[in-house]
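Take a look at this one chain, the form predicted alone, written out in structure tokens.
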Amino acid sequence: MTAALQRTALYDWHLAQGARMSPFAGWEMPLHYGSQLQEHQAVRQNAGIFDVSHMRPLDISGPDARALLRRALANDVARLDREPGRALYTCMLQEDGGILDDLIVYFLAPERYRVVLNAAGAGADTAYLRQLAAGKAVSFQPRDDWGILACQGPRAVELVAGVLGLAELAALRSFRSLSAGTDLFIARTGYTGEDGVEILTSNAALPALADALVAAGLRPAGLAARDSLRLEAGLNLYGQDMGPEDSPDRSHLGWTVDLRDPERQFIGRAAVEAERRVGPRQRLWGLLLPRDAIPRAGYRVVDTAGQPVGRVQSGSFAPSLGQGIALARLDAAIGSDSSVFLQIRQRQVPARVVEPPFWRHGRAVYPTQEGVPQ
């Protein structure tokens, strides 16, 4: 029997807003509210609001919490010690260097951390961390009583600050957070390539807060727009662009691995170092396609001789760019600005290999005139 889909505290609110609901990672989530394109553009031009309550906050505390996270995570939480509220993005690896999950961890205070786990892996991740902490002075508190709203776009911080009455949000730097009372936590993070904040608060408070944010000018946006936005920003989706068979260096995430402390033997370190000695056999690259070509996950990439050199992991039409883009894992011999072809049914479409992202700071990284022939 198929397990029932979980619903966030905003399920009825989504229906009232006209959302088309869709299954995602075991949850029933809004796909769009009538127009993915308009929602995408609202985030790029003004501000949008996403319900991301399917992602799960987990508070980790105790005298051994820091040591646990330094062991479990490829990035080093010791970097956060000097500044409560600071955050970092990291992968959690297997011993063979494969990615178990990616997450953000916040340093709340000495011996206190908050991690936000992806929906599909939250239960397994929590069980795994508990197993690693066996016999250690560590406590876990899943915050199932909280939901998360992601407010993203060039005006998002301004509008959220007005709704919450928090003028200090304007000065909050990227990957920093603040608490306003016991049931309101705000982080300047996101998954769209735009400025914005993510608001963690009680499930009971979510509908009224969402109403106030929409009244202030933020547009509801669903998973479809979130996916096209994150792809333009060159951000990986776990389970599609990376997984247990992929290392950080094969997934454009080598920058999330901190090897500076030789005494920190985090899980997967030996495998990462061994791979770096010889170089990864594949890398994740961006592809720019002609306007009439829409790449999809699984499409084969071939070189100029017609030999297979990789596959598309994520692909779509990019509304901000007006052309197809993709993230593709390619053989190590393929580098930036290489010319390759995407096999789309019976035709081979020229593609240009580029370094992600495709969109940054409100503009295209690779203007159309520098792209592939149209």
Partner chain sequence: MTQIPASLRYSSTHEWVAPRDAGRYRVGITDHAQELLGDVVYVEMPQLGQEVRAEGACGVVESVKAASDLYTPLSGKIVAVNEALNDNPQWLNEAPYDKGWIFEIEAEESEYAKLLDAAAYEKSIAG
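Just so it is clear, the model here is predicted, and its values are computed rather than measured. Numbering follows the first chain given and starts at 1.
Form predicted in complex with the partner chain: not shown, discussed below.
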Report the residue, out of Arg291, Arg112, Arg79, Lys136, that has at least one non-hydrogen atom within 4.5 angstroms of the partner chain in the model of the complex.
Arg291
Among the candidate residues Asp303, Asp227, Glu275, Asp125, which is the single one with a non-hydrogen atom no more than 4.5 Å from the partner chain in the model of the complex?
Asp227
Given 33 to 41, 304 to 312, 55 to 63, 334 to 342, the stretch touching the partner chain in the model of the complex at heavy atoms within 4.5 Å is 33 to 41
Interface membership of Arg20, the partner chain in the model of the complex, 4.5 Å heavy atom rule
yes
Does at least one non-hydrogen atom of Arg264 fall within 4.5 angstroms of the partner chain in the model of the complex?
no
With a cut-off of 4.5 Å between heavy atoms, is Arg296 one of the residues that contacts the partner chain in the model of the complex?
yes
Using a 4.5 Å heavy atom cut-off, state whether Trp27 contacts the partner chain in the model of the complex.
no
